[in-house]
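A single chain, nothing else alongside it, follows as structure tokens in the form predicted on its own.
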């Protein structure tokens, strides 16, 4: 099958091939291949570890959710927009908390966008126009292996014909695999991103810096970088968790956006996050066009409230502000702080996922789902906000996330008197 859409990382490569007979893919990177290969699955719905039907599992899940005072519905980054939309509506009906994976990764970038906006562009523009690309606190060679060849480093574009016409710079606290393919690697001290963005803003404006170095980088080196940025025809800063999850967090991104705004007085620059899961953008965009916020949304008062300091997954669990949880396409037990996981273990958990993981071990109700992009279709946003239609390539007896959530929503509405 030609032009299959890979549902692993935010690059959402739409040019891969899949052999439905041998269950093998072609043109995948190692990460995509790992998902599009036969592997251990959750074999059937379960309640307390005992196999049941989908109907029984959904009934048990609805019992938990309806009897909960404030359930947490979390995950969403590895499913399609159609399922996310139903999840947002379900959370509103239940008066619960909706949160998604950005709250522990790119959430600070969302906060900075609220403050400063986001001078962005598409990966197609980067491929065709960008003659200077800066990877700041991101490592595409390990996180998005095909990104450099398709869009940002060796990609042949309309105005940038080959690798020789593009300068690639990596800024990070250590020398990563991505640094090896860069024209220039700038190593900075951990937690000094904000200071370096401030220094670059001064240098771009022509102001002098009295110190000899900032954040472990000499001022002369920063001056060279500032000059390179000003002389670019079209530049892009593609940032990662290196600056969203270090000291400064959303203030780092705000300062970087201010740098881009300044550079745009001289030339054309964009800044964009290197998002991780294949539809983590959709996990924020869908609730944004449904209720106005992207994550950490509380519906307990009958209307949506946004507060990452209260309603993000870690904070809600640490404050014991939820008494049940529905986890969709995520594994919080493997990634959240220990104290947060301790509360998660003390409340009834419902899991919807194709694959067993650490969250499966603590879940009272487990509902296996079809693998999106292989056994189920839908719509997903690429990391640059471009929507792509995800194909179904093989048939399966597993229910899709959308179907499971629709069944839950219908039964919740009946039980709570909405219909």
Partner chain sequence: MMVLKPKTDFAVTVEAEITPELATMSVEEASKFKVYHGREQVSLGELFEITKEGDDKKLVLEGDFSRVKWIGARMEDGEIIVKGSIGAHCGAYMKGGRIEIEGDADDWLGAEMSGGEIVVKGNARNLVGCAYYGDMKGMSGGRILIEGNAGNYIGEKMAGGEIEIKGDAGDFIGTEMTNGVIIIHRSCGFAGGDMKGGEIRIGGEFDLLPSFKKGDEGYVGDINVGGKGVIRQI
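Residue numbers count along the first chain shown, from 1. Everything numeric here is computed off the predicted structure, so don't read it as measured data.
Same protein, other form: the form predicted together with its partner chain, not shown, and the subject of what follows.
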Does any heavy atom of residue 221 come within 4.5 Å of a heavy atom of its partner chain in the predicted complex?
-> no
Is residue 209 close enough to its partner chain in the predicted complex to count, meaning some heavy atom within 4.5 Å?
-> yes
Give a yes or no for residue 321: in the predicted complex, does one of its heavy atoms lie within 4.5 Å of a heavy atom belonging to its partner chain?
-> yes
Does residue 135 reach its partner chain in the predicted complex, with heavy atoms at most 4.5 Å apart?
-> no
Its partner chain in the predicted complex: contacted by all of 114, 248 and 254, heavy atom 4.5 Å = yes
Taking its partner chain in the predicted complex, which residues along 117 to 155 bring a heavy atom to within 4.5 Å of it?
-> none
